[in-house]
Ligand SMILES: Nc1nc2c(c(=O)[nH]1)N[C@H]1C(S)=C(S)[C@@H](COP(=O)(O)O)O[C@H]1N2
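Have a look below at one chain only, the form predicted alone, in structure tokens format.
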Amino acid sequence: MARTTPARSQFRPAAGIDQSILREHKGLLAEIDRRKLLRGTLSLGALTMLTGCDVADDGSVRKALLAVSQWNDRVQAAIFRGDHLAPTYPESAVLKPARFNAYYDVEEIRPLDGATWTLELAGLIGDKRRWTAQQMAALPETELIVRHICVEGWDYVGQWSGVRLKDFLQRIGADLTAKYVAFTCADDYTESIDMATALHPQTILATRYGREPITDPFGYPLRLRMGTKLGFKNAKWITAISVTNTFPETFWSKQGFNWFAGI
């Protein structure tokens, strides 16, 4: 997700409350509001009734907001269906080139050398041999023409190709009953998804965009692409994949943002 100021939240403070507390947590407030699970407006008085927090205490407010955000995650996970497909689009709707998004500016991109890049495998995986970019690109491909939806409020239709993550996990002998699949990226970004999303037919390890090899700044040589998740979940410049039953914190979940992030 690109560096940005979070959208204005609908959260309205009660009279007399120090608004600096809310400004401190504006990212959490914007994310809670964006998920549309709390509709309309929410006052600090209502937050107090819902969570029992002391609205004059910064730590208490953050704890309450994190609880609401985690509740959002649980609701999204409960209603997720592995056979429900995201809308697809005609090739004529595809944006070329794709739109860049990251937690830093495009000028800070550090391209990877595809000739020396390898994918490391760890955790509950039977065959942990490393994969090269050439080996990944040679795997059977699935094409997705789906909408990329950013938490910042913009979107575009993209055309991604690559191996289904489910097929790749089966190929390397991963434990498909495990809870999570985690990704480490060359830019120090970390991301993770639940196994149900990993096995979804619209979850791929993409090596191509517009039927051409992915270029920078879009995640060469390997990135995650999902039709069922918000843009920031789609990790780029992947260097390692791990299968685990221990919840893997991510770059954004450590800052209190929704982890499930379904659309």
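Residue numbers here begin at 1 and follow the sequence given. For clarity, every value in this text was computed on a predicted model and none was experimentally measured.
The same protein has a further form, the form predicted together with the named molecule, not shown here; the description that follows concerns it.
Worksheet item: Hey, with the named molecule in the predicted complex, do K128, F168 and A174 all fall inside the 4.5 Å heavy atom range?
Response: No.
Worksheet item: If contact means any heavy atom within 4.5 Å, which of 85 to 93, 154 to 162, 139 to 147, 112 to 120 contacts the named molecule in the predicted complex?
Response: Heavy-atom contact with the partner occurs in 154 to 162.
Worksheet item: Any of the heavy atoms of N234 lying within 4.5 Å of the named molecule in the predicted complex?
Response: Residue-level check for N234: yes, a contact with the named molecule.
Worksheet item: Even though the named molecule is not shown here, does N101 get within 4.5 Å of it in the predicted complex, heavy atoms only?
Response: Residue-level check for N101: yes, a contact with the named molecule.
Discussion item. With the partner left out here, check for me: in the predicted complex, does some heavy atom of C185 sit within 4.5 Å of the named molecule?
Written reply: Judged by the heavy-atom cut-off of 4.5 Å, C185 is in contact with the named molecule in the predicted complex.
Worksheet item: Would Y180 sit within 4.5 Å of the named molecule in the predicted complex, counting heavy atoms only?
Response: Result no; Y180 lies far from the named molecule in the predicted complex.
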